[in-house]
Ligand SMILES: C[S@@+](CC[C@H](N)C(=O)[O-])C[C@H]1O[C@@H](n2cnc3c(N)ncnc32)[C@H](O)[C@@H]1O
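We begin with a single chain expressed as structure tokens, specifically the form predicted alone.
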């Protein structure tokens, strides 16, 4: 089911979790306010290269918005994104969407590459290169696929569904694995503000620095 959000962009209902992929307050606006701005991507982009871990891909708005923002700050910045996604059905959904984000064409390219890889029996990992942008998508439960990552990241987007339905992505063990893959001073942003999440992030070696203003509930920003 398609929903129009308050900024005019569309989101969809995930029937497995019975939740929308984005807040009704604004799907695209939320991507910027909840993830792009809190992780200071513009500042990192000025260095010439940036690495982002995206948990989870969903409809790809967060990645597309990140690429758009980085390119505005530094068109020559080398962008390396790793995204984790459990539900391979999102790729068929992505093909049907046309949000007002110019860089969403790259997400559609990722979806096309998934369909191609699926036919070849290699659909557990997709990699695309688009100019100075590289996106690697690992398909499967993020609790498991994160072990296939050795990269250190400048920013992390942690975007699960609610804690009641997606608690595995907020567990102390999983957060510790994320922390191990963050560079010093890297930032993690999440829309979730579950009761014990701050303690789990602190135990993982992260410092809580701020909250995000948009989302289903006030989120958390933490720095390594």
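No experiment lies behind these values; they were computed from the predicted model shown. Residue numbers count along the first chain shown, from 1.
There is another form of the same protein, the form predicted in complex with this ligand; it is not shown, and what comes next is about it.
Stretch-level contact analysis of 86-94, 69-77, 124-132, 111-119 against this ligand in the model of the complex, using heavy atoms and a 4.5 Å limit, identifies 86-94. No residue of the trio 147, 172 and 175 has any heavy atom within 4.5 Å of this ligand in the model of the complex. In terms of contact with this ligand in the model of the complex, the residue from 28, 45, 36, 56 that brings a heavy atom within 4.5 Å is 56.
With a 4.5 Å cutoff on heavy atoms, residue 62 counts as touching this ligand in the model of the complex.
Interface residue remark: residue 142 is counted as part of the site for this ligand in the model of the complex, having a heavy atom within 4.5 Å. Among heavy atoms of residue 161, some come within 4.5 Å of this ligand in the model of the complex. Although the partner is absent from this view, residue 199 stays clear of this ligand in the model of the complex, with no non-hydrogen atom inside 4.5 angstroms.
Interface residues of 166-204, taken as those with a heavy atom within 4.5 Å of this ligand in the model of the complex (partner not displayed): 166, 168, 169, in sequence order.
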